[in-house]
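First comes one chain, alone, set out as structure tokens in the form predicted on its own.
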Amino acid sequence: MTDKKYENIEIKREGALTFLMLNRPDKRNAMSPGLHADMCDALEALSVDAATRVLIIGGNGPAWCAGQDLKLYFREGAKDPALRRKASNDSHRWRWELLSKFPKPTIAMVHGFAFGGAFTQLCACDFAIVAEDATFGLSEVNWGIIPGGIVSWNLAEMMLPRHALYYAATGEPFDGKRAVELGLANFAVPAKDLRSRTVEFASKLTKLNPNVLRYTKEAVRVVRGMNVEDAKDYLAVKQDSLMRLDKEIGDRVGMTEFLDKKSYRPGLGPYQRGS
């Protein structure tokens, strides 16, 4: 298919992998009202794109995302209430509502700088692979504001409370290795290997049943806010729904390969789909 061309973002494809790249490199991919609108449109389209099996959120140029564009998002928005309201709605919509509920696996591929509002899309992605020398930080305290939007909530969800408060209150930056220690990222790799390691991991995901992946990520997100009894009931219904939706799961292909055909060993890769 021919992808739509955007002013502030770029879509790149590599087989079943789709790269959705922030494309304001001269601004370190700071998020403008136009970028927010472009991302809303692109995520809506890619959510129903059959060719996309895994979505990777990246950034062109020297940074992943430097947060909100202070001039265009805040100062210009203050002059135009209608623009400010639309930008605020678009910002929340793509960075959380669309991205956290995206039906395919999502990976944040982070290099350079990831600051402020960028933490929301970082936390919304299912997985995060970051460069060891990437620089993360919350500069809001230095401007005399708090990590707004839902950034403070994102921090409290992802980090232990003392870590979240420390980095929000001090504005102290940290690198990719520390991001892994704090729970913000899965892996930190040398910057030169970031793309190849991301592609390697994403390719593994494409070999798994897409419905199982979707139901699993939905379940893990939802049960975190439940008590144990509600979680037990929800997961039972979720599994029943999955088996009704997907014949491969309903036929217990993986279990048959493990118990009967002896052709599959859990932990050593996915079962042979279609066998």
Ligand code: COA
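From 1 onward, residues are counted along the sequence shown. Source: prediction; values computed, not measured.
As for the form predicted together with the named molecule, it is not shown, yet the points below apply to it.
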Item to check | Proximity to the named molecule in the predicted complex, single hit among 54, 30, 42, 57 (heavy atom within 4.5 Å) | outcome: 30
Checklist entry - Which of 96, 102, 201, 113 has a heavy atom within 4.5 Å of the named molecule in the predicted complex? => result 113
Item to check | Stretch in contact, per heavy atom within 4.5 angstroms of the named molecule in the predicted complex, of 237-245, 224-232, 65-73, 206-214 | outcome: 65-73
Checklist entry - According to a 4.5 angstroms non-hydrogen atom cut-off, is residue 139 in contact with the named molecule in the predicted complex? => result yes
Checklist entry - Contact between residue 153 and the named molecule in the predicted complex at 4.5 Å, heavy atoms? => result no
Checklist entry - Contact between residue 191 and the named molecule in the predicted complex at 4.5 Å, heavy atoms? => result no
Next on the checklist: With a cut-off of 4.5 Å between heavy atoms, is residue 145 one of the residues that contacts the named molecule in the predicted complex?
Outcome noted: yes
Checklist outcome for this item: Contact check, 204-243 vs the named molecule in the predicted complex, heavy atom within 4.5 Å, ordered by sequence, gives none
